[in-house]
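Heads up, the chain below is alone and in the form predicted on its own; it's given as structure tokens.
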């Protein structure tokens, strides 16, 4: 049952087998309601650490100036802005399931936050990507795969639209290897994440989901195995803040 849940469709709050529609509807509702306060919550709840994680992600991302980059679950544009600043690729396609999140990202574009890098926005379910095979050099994704009930399907879609030899760079919350640090982190997730969420947005319910989804998500090795099962090769990862977050890099085979 656990293998079936991991491979096909899960309730992203528990990791148990469940229809995909359950989690998809919940994600749309939660992130649609907090979109305009999402960035503030990230800054406060992580004590600014999320910026270090983004910098680490950019250091690991093999993005060149001639590349076309697809940002999956791009949300309010944090990753796309980091890509634009660090690598100045030819083009960024920033996508997200939730239109309200992309509205914030588009406001950042209006303010010039992406510099001279061409960027477009599109509402996309990563479990069914509406782009052609072999279209992108690099895919970036932060805090996205955890909220997808059909994770293997989503990773196979990402593999499909990547060019041969292209890379997926994924930043996600993970599992601290140290037992004490892990226990402290889980206490923080259970009690303080909903507190910060309620303080910033006035509604803690969505952040109770966030905490549950992080605890239910596979650890570093588990996500790496899922990427390999989807067809990726050369999967590596690097921990940040003692394993609270990890950046996985995976490659599409050349043939």
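Residue numbers count along the first chain shown, from 1. What you are looking at is a predicted structure, and each value in this text was computed from that prediction instead of being measured.
FYI, the form predicted in complex with a small molecule isn't displayed, but the following is about it.
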item: Candidate site 70, 89 and 162: all three near the small molecule in the predicted bound form by heavy atom within 4.5 Å; value: no
item: Segment assignment from 61 to 69, 23 to 31, 226 to 234, 213 to 221: heavy atom within 4.5 Å of the small molecule in the predicted bound form; value: 23 to 31
item: Contact test in the predicted bound form: residue 78 vs the small molecule, heavy atoms, 4.5 Å; value: yes
item: Partner contact for residue 147 in the predicted bound form: the small molecule, 4.5 angstroms, heavy atom; value: yes
item: Any non-hydrogen atom of residue 98 within 4.5 angstroms of the small molecule in the predicted bound form; value: yes
item: Contact flag, residue 103 vs the small molecule in the predicted bound form, heavy atom cut 4.5 Å; value: no
item: The small molecule: the contacting residue among 119, 82, 169, 124 in the predicted bound form [heavy atom, 4.5 Å]; value: 124
